[in-house]
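Before any questions on how it binds or moves, here is one chain, the form predicted on its own, in structure tokens.
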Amino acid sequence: MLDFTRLKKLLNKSQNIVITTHHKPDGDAMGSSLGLYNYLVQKGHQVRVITPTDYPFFLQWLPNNPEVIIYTDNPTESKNKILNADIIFCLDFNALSRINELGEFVRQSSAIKVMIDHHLEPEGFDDFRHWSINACATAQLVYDFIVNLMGERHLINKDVATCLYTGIMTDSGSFRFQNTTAEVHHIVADLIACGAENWKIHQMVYDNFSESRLRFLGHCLLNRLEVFTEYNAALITVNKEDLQKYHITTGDTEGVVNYALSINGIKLAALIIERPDRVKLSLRSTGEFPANEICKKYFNGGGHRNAAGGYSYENLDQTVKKFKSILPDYKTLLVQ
């Protein structure tokens, strides 16, 4: 592993830097990536953010979003920048499979790989790691990297603060999840002091949906929600016809699973969606219930204890049947 003293020396002179993050980036992925971008350009580095895929339109207002390269739109440019980079920052993921085809290019690159992340069980592809599963968001760790490791709080300008606040806000469930500690509140207070307009960020992320997305949400709650009171669990199932009917685009299904979890007494909620290439699952839980265990054991995934995801190559009906068949095995945990 690379020691921090050497990394800091490298970052104190101009470098070609690539920042990348996981497939279908969310608020923390884009907030941490563009937050780090806006910090590094102030230090004189040549920096580009490269995402494996597209991401929600309600994140495309973030400062310097036009500097993002989407691999699926620009594969040759993306590959060349990764292979010619001096340093690659890998944010909000810890296994190269999470960045699809980009993973092999990152592996091949002679660049120093720096991982900043808060997920369980890092793969080990990195040369330097700033990692903690106790952080509520990767954006929190980017703040810590800038302020406490690099000692450069003065470079957290409004753009940096806006991006990092967005990442922390979204991954903490608007500061309501269990890992939203006193330290997190101190950090976001500092980000507001540095220029983050908290009210405006919330409005841009949470009050910026299309009419069709709102009607889709109503359809899910009225027609696709199942509640299993004997297990304190709930499920929303979405098929491909639903996605087509409501013109669902990237990001439109984000947060839908939380409505199922908001039902009184529910400890485990699932959103199962039929995608063109596979069936995707998003699980949310409360307390000590291990949503990540179910995803890892049964659905090729993983994540955090209370927020995890996975997928299945079985059809939608088979995947739903499998999820329901698992509930009796966890009844003791769900009803205690």
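Please read these numbers as outputs of a predicted model, since none were measured by experiment. Start at 1 with the first residue shown and count on from there.
Another form, the form predicted in complex with guanosine-5'-monophosphate, is not on view; read the next lines as being about it.
With the partner omitted here, the residue from Pro52, Pro56, Gly301, Pro63 that has a non-hydrogen atom within 4.5 angstroms of guanosine-5'-monophosphate in the predicted complex is Gly301. The listed set Arg224, Arg98, Lys113, His130 contains one residue whose heavy atoms approach guanosine-5'-monophosphate in the predicted complex to within 4.5 Å, identified as Arg98. Within 4.5 Å of any heavy atom of guanosine-5'-monophosphate in the predicted complex lies no heavy atom of Pro290. guanosine-5'-monophosphate in the predicted complex is not approached by Met30, whose heavy atoms all lie more than 4.5 angstroms from it. None of the heavy atoms of Lys267 is located within 4.5 Å of guanosine-5'-monophosphate in the predicted complex. Contact check for Val47: no non-hydrogen atom falls within 4.5 Å of guanosine-5'-monophosphate in the predicted complex.
Contacts with guanosine-5'-monophosphate in the predicted complex, taken as any heavy atom within 4.5 Å, map within 303-335 to Gly303, His304, Ala307, Ala308, Gly309, Gly310, Tyr311.
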